[in-house]
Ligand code: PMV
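Just the one chain here, the form predicted on its own, laid out as structure tokens.
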């Protein structure tokens, strides 16, 4: 008998970055990371599971067959299979869509694999939907598709990677941070400023691999672990200025690792730098709580308190859009949770 389920899963933006993997496992992070989920930027995935002696797959994007995506999804299912009899005993038809365009600096793989993992965790029926165990299992599955996807299954700030300051933290799945977040760092927003919507010249997978022989890798991993402890303290205490400084430093450290790897490369563009400098100037002149961060790409995530949204949107239109391709930017609230849609 066929089973059908549909989930929406948000993308996320890392505040302390995951960059580099441990040896001896699949998608095990070299350091812990923490992210905010992006409630208005998400993937929606429908999964139809049919009993079968052999796992087969039909993959569609917005109702249209996409056979070029199938090898990647089959590899994902193969990684899950040792941990799930359900996957071994079914074939799948998957239809997914993002509500944001590809190549916009938003983690589509995080949202997409997060939604797939939620569907599988739901259909196999081992844990009560909405329980801690359910989300932990979905996070474990999501990690096997895309490391950062394991953080997308939580509305609370999500920590992935073992860390002494985070109870039950693990390299195998993300956990929600259960501590109180100061009101000054709640209800923030993220506007993604699209500097470049093209394909990255160096993929994230290739970038991660260059950390294995990187001259500064160990120092970076230690700094990231320290930054996790610091940012959690800042978020609980409401230390906004130090939170902003750490988030921006993390973004710059991520890209400095790319520029100092062997071989070296860069993903930032002149427009990226121009936006960063405009943000610094605006913050100095207004003393308003805004910050930037970067993913592994050229586009800039502008983070700010929702209380100053009017001023920030005006700032985007008057100062930043000139550096955005076709004037494109996408905004989201943070703290969005996955939703079961059917």
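Residue numbers count along the first chain shown, from 1. Please read all numbers here as calculations on a predicted model, not as lab measurements.
In what follows, reference is made to the form predicted together with the named molecule, a form of this protein that is not presented.
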{"property": "Among the candidates 224, 254, 194, 232, the residue which, in the model of the complex, approaches the named molecule to within 4.5 Å (heavy atoms)", "result": "254"}
{"property": "Among the candidates 41, 296, 316, 291, the residue which, in the model of the complex, approaches the named molecule to within 4.5 Å (heavy atoms)", "result": "296"}
{"property": "Exercise: residue 9 in contact with the named molecule in the model of the complex, heavy atom 4.5 Å", "result": "no"}
{"property": "Distance check, residue 96 to the named molecule in the model of the complex, heavy atom within 4.5 Å", "result": "no"}
{"property": "Residue 146 within 4.5 Å of the named molecule in the model of the complex, heavy atoms", "result": "yes"}
{"property": "4.5 Å heavy atom contact, residue 329 and the named molecule in the model of the complex", "result": "no"}
{"property": "Segment assignment from 146-154, 74-82, 87-95, 123-131: heavy atom within 4.5 Å of the named molecule in the model of the complex", "result": "146-154"}
{"property": "Within 204-227, the residues that have a heavy atom no more than 4.5 Å from the named molecule in the model of the complex", "result": "204, 208"}
